[in-house]
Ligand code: SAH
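Only one chain is shown below, in structure tokens, and it's the form predicted on its own.
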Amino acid sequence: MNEADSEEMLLHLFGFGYQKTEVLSEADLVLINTCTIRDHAEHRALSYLGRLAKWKAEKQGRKIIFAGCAAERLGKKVQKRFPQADIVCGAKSLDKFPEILERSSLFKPVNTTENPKENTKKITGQVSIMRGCSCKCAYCIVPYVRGEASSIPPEIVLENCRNKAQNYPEIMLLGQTVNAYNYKGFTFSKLLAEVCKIPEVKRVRFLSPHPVFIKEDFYKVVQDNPKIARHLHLPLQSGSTKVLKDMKRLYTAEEYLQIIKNLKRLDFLISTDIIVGYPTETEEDFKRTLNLVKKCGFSFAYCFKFSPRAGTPAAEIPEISQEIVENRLNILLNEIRECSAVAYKSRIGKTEEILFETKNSGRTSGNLWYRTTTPKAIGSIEQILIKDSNGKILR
């Protein structure tokens, strides 16, 4: 989502005569688009902004834009602490980014006949379908910095998908709780079906769904549309129903497991997010998480230590000893590695649809990596019989 927002801001900067460079010494402007979901991410962004003071002073006219979620959370504090920041644009103001540039008087639109080129090194085109989140999870800062959920009209989403499909064979639909999408009765499942009708689209993915919004109509649209990738990144956060209730996640461990069973009947592979060391997590709660991980058989997981975010209810609860949290995290990571290896080896003997992202590697519909010594066309799709796996790659 951060990348998609960055691409949108870049398009507006192109309208002011800028071109993209990966070399800092060449740049006249640095755009820092920030994340604040964890304390570490915010500190990294602020540290980088601090180091840019020297870069800005080396050449007259250089500019810095500090944008995104950390910018929203910190607001005016950023420019007080870091006067080198010319513009601070919070996540809630990204839709007004062009007006903010014009009002600043630092930027003037230019007439250009050149159209900015898409980054064709990638094969996935990202399309935001909604902004914000209305699920007030007890540990999460996102609803406060991005606002309530708001769905983008389907005609705009589909037009964006058609445009992206000219350059990218795979479309990734994005939203904080992407499957909560509903624009005046036009549901997420309806939107998925319409995206699949675009001829140039070869595969459709989406991030990040919430378990509570997975309904029967979703299973039906998946059955009817083989373009929809057979992989879901479905955040679990905890395998303990008690902790899930404390987190305000709106589902039980049993309900989550039933969703996984339904998805696996449709040949889905599931990856997830898990928070270790939530303040109310006991040793018994952690064991429940481990047990549920084994039952779900995740293909991959992002595992995080609990990170308190000021202003959220969870930040008011005393934290667990870091030594205990570190130990639990290591145990969980080992379990996830074993689950991932099983997921890879379970595909041996099956024919997989591979979308090639390089000449020698690509991903299956279930989001597993495949490698071959026979060069293939980037962006092409082939049906390939899997003969071997080392638990980290298919061959």
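From a predicted model like this one, the values you see are computed outputs, not experimental measurements. Counting begins at 1, following the sequence as shown.
There is also a form predicted together with the named molecule; it is not shown, and the following applies to it.
For the residues Pro154, Gly90, Pro209, Gly125, the 4.5 Å heavy atom test against the named molecule in the predicted bound form is passed only by Pro209. Listed residues Glu102, Glu200, Glu159, Asp273 were compared with the named molecule in the predicted bound form; Asp273 is the one with a heavy atom within 4.5 Å.
Taking non-hydrogen atoms only, Pro235 approaches the named molecule to within 4.5 angstroms in the predicted bound form.
With a 4.5 Å cutoff on heavy atoms, Lys227 does not count as touching the named molecule in the predicted bound form; it lies far away. The closest non-hydrogen atom of Lys164 lies beyond 4.5 Å of the named molecule in the predicted bound form.
Among heavy atoms of Val78, none comes within 4.5 Å of the named molecule in the predicted bound form. Note that among 297 to 305, 182 to 190, 90 to 98, 255 to 263, the stretch whose heavy atoms approach the named molecule to within 4.5 Å in the predicted bound form is 297 to 305. Looking at 19 to 42, the residues that come within 4.5 Å of the named molecule in the predicted bound form, counting any heavy atom, are Ile37, Arg38.
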